[in-house]
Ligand code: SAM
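Below, in structure tokens: the form predicted on its own, a single chain.
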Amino acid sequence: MNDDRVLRQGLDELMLECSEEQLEQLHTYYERMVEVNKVMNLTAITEYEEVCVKHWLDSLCLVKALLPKELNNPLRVIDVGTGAGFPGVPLKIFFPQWKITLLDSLAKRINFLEQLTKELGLSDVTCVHGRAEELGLKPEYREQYDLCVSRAVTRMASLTELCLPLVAVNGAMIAYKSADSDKEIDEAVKAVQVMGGVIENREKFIVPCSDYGRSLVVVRKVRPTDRKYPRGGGKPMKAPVI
């Protein structure tokens, strides 16, 4: 039996209510993830309380970077480099009105997420196997999202080139970074400007029920991204705009 005291304490800190249905969805999520993790590398974190803090609560800390009126809107959201579904799936569970696209470059992860989201009964979730540098050039994805989120371990300048072309003007990308990432964020200022954005906020905090420092970097899209971005051939990673 899972002990949900830490989870509930963290949700209280984030001022998020959790219904029995949502709690059951999280339990199912955990069970399926741990089960599949035995045959496929989804996460190094498998102890229940750690998953609650380092995956779910961390993902849900997005509430610190958005206004309540934004959170309550039926946002079009894409999660770039979603991996085992973080932060996209926890966000969908708590904000069911959002239309979520989960993007990952590994087909096995996408297959897992397709099965998982069906089992959890989540609607308006699209699981896409592909790379952001390719999707950002396709009309059906380019500048189609109100919000792009990513917990991917990628330099901020590179991540900006991958994410911001997917965001509609007046929308935003939010990058999950460590608390000591100021230098990396400063180095990304040029990339942010070139991609049509401005750094609107750096929200620093400690993840609930932990001592883990986190920064959420909010980049607002203020004009369309030049058609030559994102660059292909892995250039956003190999030669970031800095």
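The first residue of the shown sequence is 1; numbering continues from there. Everything numeric here is computed off the predicted structure, so don't read it as measured data.
The following text describes the form predicted in complex with S-adenosylmethionine (SAM), which does not appear among the structures shown.
Stretch-level contact check against S-adenosylmethionine (SAM) in the predicted bound form with heavy atoms at 4.5 Å: of 167-175, 92-100, 79-87, 137-145, the positive one is 79-87. Note on the partner interface in the predicted bound form: the residue among L116, A152, V125, L75 having a heavy atom within 4.5 angstroms of S-adenosylmethionine (SAM) is A152.
Although S-adenosylmethionine (SAM) is omitted here, in the predicted bound form none of E161, A191 and V218 has a heavy atom within 4.5 Å of it. Though the partner is left out of this view, N111 does not reach within 4.5 Å of S-adenosylmethionine (SAM) in the predicted bound form, counting heavy atoms only. Contact between L71 and S-adenosylmethionine (SAM) in the predicted bound form is not found at the 4.5 Å heavy atom cutoff.
For the chain shown alone, M156 is not a contact residue for S-adenosylmethionine (SAM) in the predicted bound form, no non-hydrogen atom being within 4.5 angstroms.
Along 119-138, these residues reach a heavy atom to within 4.5 Å of S-adenosylmethionine (SAM) in the predicted bound form: G130, R131, A132, E133.
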